[in-house]
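The form predicted on its own is given below as one chain in structure tokens.
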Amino acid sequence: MYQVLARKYRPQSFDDVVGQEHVKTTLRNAITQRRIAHGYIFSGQRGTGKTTLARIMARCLNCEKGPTPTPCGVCSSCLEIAAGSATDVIEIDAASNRGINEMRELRENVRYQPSRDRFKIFIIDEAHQITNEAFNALLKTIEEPPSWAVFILCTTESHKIPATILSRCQHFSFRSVDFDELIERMRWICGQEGIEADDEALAVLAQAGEGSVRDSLSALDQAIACAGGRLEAAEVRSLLGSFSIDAFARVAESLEASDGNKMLDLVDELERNGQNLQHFARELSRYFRNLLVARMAGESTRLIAASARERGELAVLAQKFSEEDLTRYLQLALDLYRDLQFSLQPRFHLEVGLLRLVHAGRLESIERALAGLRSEPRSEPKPRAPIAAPSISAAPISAPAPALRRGPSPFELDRLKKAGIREPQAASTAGANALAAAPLISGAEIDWHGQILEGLNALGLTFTADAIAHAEISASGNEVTVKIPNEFKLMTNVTELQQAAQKQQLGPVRFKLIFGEVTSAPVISTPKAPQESELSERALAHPEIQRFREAFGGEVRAVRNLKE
């Protein structure tokens, strides 16, 4: 019967194990010095050699020439352990023997001495599956076992092992196998099997394993069954459903050219070929990560799990982007991969995500923009054009004027109270009663913007003042029409305008509010104290401040002296 490569070429000694030098060195020294612990915990990701090293440890302890770090491999004990039939080496699958009854049976078995060998070794695989009650039943046995008992617990999730068990055992953490070592191991196996495989095909298989020897050898078994005696990268990629670096290079070229149409064509091609879009987004984030590493560390770095040819291409392409751009692309790719995991329309999400990458490449960092401002030659400040006086329309208004309130609302009273202003109820009532008998005033003789703004600021009504600063005002007799942009609709109050008119002694005035688009309204800044006005003028006259405003626009609302 055919035996898979992962079992056929399973290591039988410490020297055969790929990687894990820190574990092998410690176990060798412990056996040589006869400092053998009664409990070990081997933890790490799948396929990194935990159970294999546990069996090698059992051979070293029970070899007829042992305990020795180099078992002979020919004695009956070594042969039986390799075949899995040794009576004194007991392997337990904790996934199916996880209850308290199984642990009680194991505890009873520990009491009896080994039938033939030196040690009675219990290898418990998937130890994190054992229940808490079963661990508690095993606790005293692991803490004080007989001199002939050795426990080796193997697990992929060490955080699920109770702290009481961890404190009674020596813990060894297994690492992912290095990419180059994994390729060398598969190249040696291919040589033993008479299989021809190029470096790029082996790199694809190693990437599929993601640091796991067993996963990589399983993919190698599958590739041999598909391709026969010669493995080529294109055929292996097609078999495993992985993407070539050329597919992701198209994404990088689209970003360099800022071409969103190519991105949409790529998504359409992936969809028509039946590719997994979520897997594509995952590999795209890995690709941007490799580009960023190649940009920072060069093509000779070992941080990129790829063949030599792919590393060279990544290094050349990475020079076309800045580190900031690649970091931004990587973050957007990770967000895209996260969103695709819950998306009901993966194609739409992928299209939007790739277009966001294109738009992100067009952005310019604030640091670069500021650096450009500083590098420009200084010039004399340009004189600012004076603000034109607001145009007053004397056209008669045919719409009926709204009725005035008899008094301020509770919200207005609360606002006036916070501003420290007494309730203007009597003045408002007197002004409303005097409207009919008041003589007409000439609206063209009054600077309505300036007067009303001054009155509102004096009363502390800043929200209405901000709305009036962007409004268009026209007057006819004692009726004033105020056209205000829609965004200031909730900030304007007729009663507050009446209070401002009374504050400036403009006489009885009837205000009419119209909301809509304003095109010719002058923007008048809020009156400032003499010291504040002088500080603002000196700040706005600075050449760098002027260049900043020319580049970014905007409006300076206030200037503050940080030394005060």
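Nothing here was measured: the structure is a model prediction, and the numbers come from that model. The first residue of the sequence shown is number 1, and the count goes up from there.
Beyond what is shown, the protein has a form predicted together with a small molecule; the following relates to that form.
Exercise for the section: Determine which one of 507-515, 47-55, 64-72, 534-542 lies within 4.5 Å of the small molecule in the predicted bound form, judging by heavy atom distances; exactly one does. Expected result: Checking each option against the 4.5 Å cut-off leaves 47-55.
Practice task
Look up in the predicted bound form whether Ala223 has a non-hydrogen atom within 4.5 angstroms of the small molecule, and give yes or no.
Solution key: Ala223: no contact with the small molecule in the predicted bound form.
Problem - Interface membership of Arg118, the small molecule in the predicted bound form, 4.5 Å heavy atom rule - result: Looking in the predicted bound form, residue contacts with the small molecule do not include Arg118, since no heavy atom lies within 4.5 Å.
Handout entry: Residue contact check: Arg214 to the small molecule in the predicted bound form, 4.5 Å heavy atom
Key = Yes.
Exercise for the section: Answer yes if any heavy atom of Arg560 is within 4.5 Å of a heavy atom of the small molecule in the predicted bound form; otherwise answer no. Expected result: No, Arg560 stays farther than 4.5 Å from the small molecule in the predicted bound form.
Problem - Ala6, Pro11 and Val17 each touching the small molecule in the predicted bound form (heavy atom, 4.5 Å) - result: Contact check passed for all of Ala6, Pro11 and Val17.
Problem - Of Ser285, Thr156, Gln278, Ser476, the one that lies within 4.5 Å of the small molecule in the predicted bound form (heavy atoms) - result: Only one listed residue qualifies here, and that residue is Thr156.
Handout entry: Contact assignment for the small molecule in the predicted bound form, among Glu232, Glu126, Glu299, Asp339, heavy atom within 4.5 Å
Key = Here the answer is residue option Glu126.
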